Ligand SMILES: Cc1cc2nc3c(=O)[nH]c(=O)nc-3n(C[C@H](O)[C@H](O)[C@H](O)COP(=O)(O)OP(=O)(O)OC[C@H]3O[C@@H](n4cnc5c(N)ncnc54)[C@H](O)[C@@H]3O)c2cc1C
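Given as structure tokens, the chain that follows is alone and in the form predicted on its own.
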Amino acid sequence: MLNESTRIGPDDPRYLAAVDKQFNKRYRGIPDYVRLVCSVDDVVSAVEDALKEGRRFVVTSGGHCLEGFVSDPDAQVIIDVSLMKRIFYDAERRAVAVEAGATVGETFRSLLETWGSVIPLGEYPQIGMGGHVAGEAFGFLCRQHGLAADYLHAVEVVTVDESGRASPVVATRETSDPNHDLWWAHTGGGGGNYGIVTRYWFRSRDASGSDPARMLPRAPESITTFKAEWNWGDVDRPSFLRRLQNHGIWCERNSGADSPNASLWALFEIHRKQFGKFLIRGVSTAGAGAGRQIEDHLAAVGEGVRGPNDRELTRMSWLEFALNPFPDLFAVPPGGVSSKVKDALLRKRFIDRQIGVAYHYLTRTDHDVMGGLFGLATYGGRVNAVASDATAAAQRGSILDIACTTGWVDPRDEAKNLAWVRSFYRDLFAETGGVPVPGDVYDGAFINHPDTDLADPAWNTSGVPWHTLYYQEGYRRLQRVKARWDPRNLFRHALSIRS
């Protein structure tokens, strides 16, 4: 049985596995030790020990931060909460409690098998809940049910006061709660800012009674997945332009809070031409009407151009899909991959100039970047039913989440991959200084896909600070929360809240 004294040093064979579990191999930390914790008391002890030793500490759950916030060479202690996995119904709070070390997949399984319910969590089942929910958390069901943060009833956080004393604090969404501001900050304010999350409680805002099966949305009875592929050899610039115009028009017409197509989520996945193909894949929870809904979506995207070379539809149970969604999408080579993801949220579809930029970067031959990808995920729906200031997740008018992404295995390929993806993103948003400045057209960026380039004046020439892109008008409130709950700025990283 682990206890508060459990620590793994470099001489322990478990150290390498604990340090190297971080998804993005571009970064690697070299902590003095890793602290494994199993309870909130363990977390308190781990924090206070690190403070007494004068060591800087960071926290990890699933290890899927896209930047080097955990794998930071300056971090001397990693506090690993991944063993804290309990999921249970808390009758006193009338909410489902999920500890921070549980993964998205473990949470999906427990919710379905125990109560037949679901939370609209993220797409990859191995993501840890600790940082995921605090950074908004969206996935396949977001258009139908909103963000996971929209169901957050309470959160338990180990914070540190001015004297260096660590203690757990529970904050709820009840406006009368004196800790309400700490709850609000964990509905989209990002992880690693205020303390260490040890537990979340989830309940729908309109839930009544005490039946745990009625506290959250019902899980889908089944889902239908689809994939349609085109060969790049059959696509020229005009037909590429038309497809993305069509796709953007569909998103503008079907991303309202009450859209009948909120039950469909799709990803337009456009690989570099060297890859040979690009595709649309997605899921529908429309039951018997899923086939027609999917066909209508594909017809709208393909209007006026050649149809896909291949398509497939598969119906399966929700849990079967949630625990292994689109295996080829999430597959990585042995040993992992280094990556760079540059995210943006759109309120309106791309104009023709921007689609031309995408065509250029995806077909150019002077950059041999095999891992290059342009992704456009449908967004909105019930996400947009919540006021922008009701949670710290300010992006409540978007129709698309887009990402320019690249990955590489050989460290020698880093420079050319970074040059390609950074220039691609900059040119997409050239009119607004290389970044998606919030306004009528763009809605900023998503903090769970952090990008330190947004804080770099070499890549963000807009004059708009990075925190406005992520938090918009909510940043000032987050600063007040930071000042109150982390007065010593112990919980910090490259894009952390500055009080």
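All residue numbers are counted from 1 along the displayed sequence. Fair warning: this is a prediction, and the values are worked out from it, not measured in the lab.
Just so you know, the form predicted together with the ligand exists too; it's not on screen, but the next bit is about it.
The single contact residue among 374, 138, 201, 183, judged by any heavy atom lying within 4.5 Å of the ligand in the predicted bound form, is 138. Of the listed positions (474, 29, 63, 434), a single one reaches within 4.5 angstroms of the ligand by any non-hydrogen atom in the predicted bound form, namely 63. You can rule out all but one of 411 to 419, 293 to 301, 212 to 220, 187 to 195: in the predicted bound form, only 187 to 195 has residues with a heavy atom within 4.5 Å of the ligand. Contact annotation for residue 123: at least one heavy atom lies within 4.5 Å of the ligand in the predicted bound form.
When the ligand is considered in the predicted bound form, residue 449 lines it closely, a heavy atom lying within 4.5 Å.
Contact check for residue 81: a non-hydrogen atom falls within 4.5 Å of the ligand in the predicted bound form. In the predicted bound form, the ligand sits within 4.5 Å of a heavy atom belonging to residue 100.
For the partner-free chain shown, just 493 of 463 to 499 comes within 4.5 angstroms of the ligand in the predicted bound form, judged by any non-hydrogen atom.
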